[in-house]
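Next up: just one chain, as structure tokens, the form predicted alone.
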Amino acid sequence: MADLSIDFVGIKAPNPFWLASAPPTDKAYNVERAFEAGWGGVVWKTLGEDPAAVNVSSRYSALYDHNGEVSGFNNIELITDRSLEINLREIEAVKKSWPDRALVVSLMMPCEEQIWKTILKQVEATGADGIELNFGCPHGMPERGMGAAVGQVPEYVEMVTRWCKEHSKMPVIVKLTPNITDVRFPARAAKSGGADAVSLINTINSITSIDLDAMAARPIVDGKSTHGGYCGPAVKPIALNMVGEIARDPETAGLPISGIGGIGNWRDAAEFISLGAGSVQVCTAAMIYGFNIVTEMKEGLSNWMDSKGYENIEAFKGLAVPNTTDWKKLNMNYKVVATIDEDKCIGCGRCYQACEDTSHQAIEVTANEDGTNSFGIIDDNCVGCNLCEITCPVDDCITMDERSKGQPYMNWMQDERNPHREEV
């Protein structure tokens, strides 16, 4: 059986599944229930200065897929609205009761060194395993010089990170905002400031929908609304890209990463780990389905690792990073062409319609005597775009078959069709 235990920047946990800093980790009651369910760790909901933040009602909204499942989740909730004293007392008690679980504390403070120095000593006294600097909250706090207002300025990221390293012995994880042009710059700044790791992504600025009767965005607070933080399955592709960018950037390569963003099952977790994440954080899936989802996550990941021969998390961590590159380095001589399995084809014509209307007119239709249609690929027209495979509702009915064996590798910088080839 695969070993799921991890040692993330000195923070040990029985498995890589942590609950992210969010409503599920707001108090001891929630966290203890999570640990009882089997979560390997938590990042306690962000602590701030007293007096505590004040939240509004309502706070959440969502987007749904065609099956009625939540695909995107939006929240306008702030950091903890409980006092600092209560939070610190509960953190200490939970850590004593669950010494084998990772307990990291999220912090968000104004950019004043003395304030950070004070809170760091208070958190350190609880016995917590580490801190996560919340440089990503996109709503409600930036006007106070916190959250995304810090995370969007690499110089501030480096400055506050350095303060935390100077005034605390705890591992420092910097949580990065996705609301930025290039996530590599704050990641580099975090590393320059001495960060032990980064975590990403935080939530994305969003308005999920408009109530066309009330003429206000959801969630609605007395007829008004505001942008919030977007998370859930819909943000996973964005999160994977940003994790991959940091993992393969020469300036941040090797910097430990805690992956966050749309993780709802073991496969999602495995994908983040393959791109270099040493732990993964979950929020939306737990809020929608409850803490017990971690059972399937652990079993699924362990079974998959066994099937692949991976004895532990380190065995496959980062294996996808070398295969993630820039477009200009892709092989221009590689070619695939679609193939339709006529035995599996149900004759729906979706592939034909998609290709004929929006792609390369590479599928021909033949009318049969029985009134049905047959579909075939016009090889010379097919550019291997994958659209037909994507639109086909039958698994493995359409496959992409390689037709370029024996062709030498040639990237765009070497291609004679590139008008700037010599300059490059």
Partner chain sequence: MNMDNSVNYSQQQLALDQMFKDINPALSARQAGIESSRCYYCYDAPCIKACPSKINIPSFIASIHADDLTGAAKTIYKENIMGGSCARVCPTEILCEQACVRNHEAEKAPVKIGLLQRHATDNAEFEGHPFERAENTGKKIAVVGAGPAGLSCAHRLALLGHEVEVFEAQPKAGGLNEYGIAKYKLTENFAQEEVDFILSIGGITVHYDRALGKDISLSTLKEEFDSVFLSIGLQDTSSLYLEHEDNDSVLNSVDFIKELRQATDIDQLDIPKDSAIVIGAGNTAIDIACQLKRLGTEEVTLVYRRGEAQMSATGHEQQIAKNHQVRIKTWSQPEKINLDEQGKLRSMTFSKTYLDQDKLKSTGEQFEVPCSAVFKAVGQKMAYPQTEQLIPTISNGKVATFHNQLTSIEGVFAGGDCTGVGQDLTVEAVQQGKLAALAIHQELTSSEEK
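Because the structure is predicted, anything quoted here is derived from the model rather than measured. Positions refer to the first chain, counted from 1.
Just so it is clear, the following notes concern the form predicted in complex with the partner chain, a form of the same protein that is not shown.
Q) Can you check whether Tyr352 is within 4.5 Å of the partner chain in the predicted complex, heavy atom basis? A) Contact check for Tyr352: yes, within 4.5 Å of the partner chain in the predicted complex.
Q. Closest heavy atom of Asn373 to the partner chain in the predicted complex, within 4.5 Å or not?
A. Yes, Asn373 is a contact residue.
Q) Contact between Met215 and the partner chain in the predicted complex at 4.5 Å, heavy atoms? A) Although the partner chain is absent here, Met215 would stay clear of it in the predicted complex, with no heavy atoms inside 4.5 Å.
Q: Verify the contact flag for Gly347: yes if a non-hydrogen atom of it lies within 4.5 Å of a non-hydrogen atom of the partner chain in the predicted complex, no if not.
A: Answer yes; at least one heavy atom of Gly347 falls within 4.5 Å of the partner chain in the predicted complex.
**Q.** Answer option from Ala37, Ala62, Cys385, Val365, heavy atom within 4.5 Å of the partner chain in the predicted complex
**A.** The residue from Ala37, Ala62, Cys385, Val365 that makes the contact is Val365.
Q: Among 25 to 33, 352 to 360, 377 to 385, 47 to 55, mark the stretch whose residues have heavy atoms within 4.5 Å of the partner chain in the predicted complex.
A: Partner-contacting stretch among the options: 352 to 360.
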